[in-house]
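This document contains two forms of one protein chain, each encoded as structure tokens and listed individually as structure 1 and structure 2.
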Structure 1
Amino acid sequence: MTPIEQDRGSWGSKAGFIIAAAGSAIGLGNIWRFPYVAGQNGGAAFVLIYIIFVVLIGLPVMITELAIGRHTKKNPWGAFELLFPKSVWRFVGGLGIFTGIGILSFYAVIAGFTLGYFFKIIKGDFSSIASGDQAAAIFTAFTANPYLAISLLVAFILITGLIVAGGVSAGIERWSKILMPILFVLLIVLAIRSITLEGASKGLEFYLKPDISKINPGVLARALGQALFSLSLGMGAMITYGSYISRKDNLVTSAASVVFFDTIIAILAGLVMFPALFAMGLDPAGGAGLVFVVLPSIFAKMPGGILFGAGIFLLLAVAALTSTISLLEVPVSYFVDEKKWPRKKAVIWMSVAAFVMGLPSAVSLGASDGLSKLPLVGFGFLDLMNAIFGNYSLSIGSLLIAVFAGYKWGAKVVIAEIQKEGVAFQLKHVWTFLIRFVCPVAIAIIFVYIIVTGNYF
């Protein structure tokens, strides 16, 4: 069968695609990862670099991935294979597929935590806390229970698998439409509460007033990784999603909308976290547990805190779900397209793989557990997975995708794909310059820098 004959389904509408792609992009990356990584990497200076990378690297790479996907109507491996059969470029897709499972493995652990927190808040576990330290102690106790963490991981992967098994537009579109706008409104309310806490201004300054001297190779590498992670780029998720878009849709404006919404949510999450964090005397560089400590501390200081708290963690779980769906969809579409597996079989095996890979991450945040530190690196396993798959693999993937589009497949072909059915691409020269020069050179320089300075994690 040629790609066109194959019935892979497509999005219900252009809005359907934007909602689904935004659903993939918006997730724990915005609300869990962005604030804690920004907190560890100099606050406002990081935010500034992050935004520059989103515009100069994220947006052009997203346009490129969507164009590859729509042109080939394939999973990442199949897309490169179709364009250049048996060439090494297939392995860019292969890396992406593996990375999808790698990210899913630790992402589902944190997603499981958000579910767990939903129930904890309803139970009233946070209604009497008076300080950030108390919230931190509750988080530590929560993660110290490996059975709970593993059960939540299983639950989250199961829910993801059930939806992915149901097929694309039926499963994904329905979920995102109503719930993401509610998440947005809740975040605005929380940001207002956070900013009006006593002592919040120090946090605003940390978050919004860049101190350029804090920029170093590590900050650049992590801002790049965070931009790609947050936008779901560098592993072919957007190639896969692009494969379901119609020729009539404008890839550039679609990509721009997704990038815009994703960035707004991340910035907003920072406005929720940093003022409250400083108001409560917590450490901005506290690491992966940050949201689980700061958010409950805010709810404790709000009328109707339990309601808000439960609402936000439930919506966070839903936002995470629309992202885990896209992570699982990539390897699944590979086995369905290339290996002709039935969809259910692919879902089951990829879910099992993510679960097994996720086990060490699930127990790694528990301070009292022997597995919490890898002996080799003295470093949490989840943090390690997060750095390898969530930063480096996506950066390498994006570099290769940019080189592929700019030099191998050719900028002209990509532009022709974008301009199908008379769609105008006004910024085509800017895009060409960014994809051929800025993206590969910037990413390569950051890698050389990181290697030379040894600032890996």
Structure 2
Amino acid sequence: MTPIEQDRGSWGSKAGFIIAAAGSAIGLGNIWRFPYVAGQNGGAAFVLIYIIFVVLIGLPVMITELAIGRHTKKNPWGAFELLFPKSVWRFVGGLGIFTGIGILSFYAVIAGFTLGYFFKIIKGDFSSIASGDQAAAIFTAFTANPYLAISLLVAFILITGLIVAGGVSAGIERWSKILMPILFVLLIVLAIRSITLEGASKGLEFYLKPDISKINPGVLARALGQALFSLSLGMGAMITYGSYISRKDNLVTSAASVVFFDTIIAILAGLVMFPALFAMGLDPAGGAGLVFVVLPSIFAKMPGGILFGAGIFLLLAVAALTSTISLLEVPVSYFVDEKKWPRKKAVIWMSVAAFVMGLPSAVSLGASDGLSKLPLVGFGFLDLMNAIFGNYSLSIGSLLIAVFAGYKWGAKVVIAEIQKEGVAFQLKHVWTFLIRFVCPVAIAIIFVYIIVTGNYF
């Protein structure tokens, strides 16, 4: 085995891949974003539609990305280049690589905030607050400190880089096996604590009893968007992770396992948030500030609040780390495969790139200049990066991958890859229908919706 082949690596086991891929999909989108988007869009009604879209759209696209990766044993750019040399399709892979580093740049900023808030809770900074306004003031002061924001960004990228530098099996797989069980256990403990609060039953009803009358085009669009983005689709992560899968592994059951764990984590996150919110008489549609503004005010009012709060932010930091690992691995795999760089060199340079790209986002929330509210778009630099990379790029990438698999590469070729080593694909006709007709149309609708409405989820 050559040094480059050693740098590229492979999963040590199917279970290791499932845990690592689930870690890629599970992140702040599940723990932070899913609850507040659900709270703004009808609670249980949103959850019901979200689960439907995860099964009908998310799972077929994930199977497709894993098949492309395993068939080519390449990064996103290299995969499309190998299948159709010198064609425009390689730019779909290039979009995925650029999207990965773009998302990492602002994602690591928010991830750094969760790490900082973990230590603030431990220090007791929220023990004496009496209202949400006080919690909001603390958050404003926290984000207004550019040196702190930049330091936390550096810390999170450094931790991520050290893990990815360890390689696929020794680094990503090993640490995912440690981090994911911690994440799951923390969620269960926090969910039990939340649902046992006095008055939590109203939150459970809001979250688990669907009101069909609340379903409208906006809810449908946001549920589809959340399903797509939550599963790390359209950015090359699953193509990259799929390239490390053994030919003997069942791609369908692997993809189904990842989707299952991702969905379970999101559902558990809602069980942590909504019972506590209703128990404290707070608005479930509080928006993105639920974590950094609303929750600290809850901790100050409840027994064991410091432990509960520290657990929440430790949970968020762990979830973020399992995702930043995959975000960094996407561009790293490109330079290892295509440019023949040693893995550590690729990690260093891509970490530096993510840090440089992340600097404007890190200082934008507390900035008094144009970074906090860009003149042409009306919102901050971090929100702009989220809109470009977290919504538009992922939508375009997922749409093109579905079209590529259904029409250009061909559904029959994908099925043949899935059925290698005698693996049976009982639902191949259902998958073909979904990837050729349902997925492209649905993703195109969500893409048009966010353009026309300017709704960035």
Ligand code: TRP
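Basically, rigid core = biggest C-alpha set you can superpose within 1.5 Å across the two forms. Here, residue number means position along structure 1's sequence, counting from 1. Just so it is clear, the structure is predicted and the values come from calculations on it, not from any experiment.
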* To do: Could you point me to the form predicted in complex with the named molecule, 1 or 2?
  => 1
* Asked: Do you see a C-alpha shift of 2 Å or more at Tyr36 between structure 1 and structure 2, with the core held fixed?
  -> yes
* Asked: Rigid core fitted, then: does Arg193 show a CA shift of 2 angstroms or greater between structure 1 and structure 2?
  -> yes
* Asked: So, does Tyr241 move by 2 Å or more at the CA between structure 1 and structure 2, with the core held fixed?
  -> no
* Structure fact -> Shift of the Cα of Leu224 between structure 1 and structure 2 with the rigid core overlaid, in Å, rounds to 3.3
* To do: After aligning on the rigid core, report the distance the C-alpha of Met280 travels between structure 1 and structure 2, in angstrom.
  => 4.4
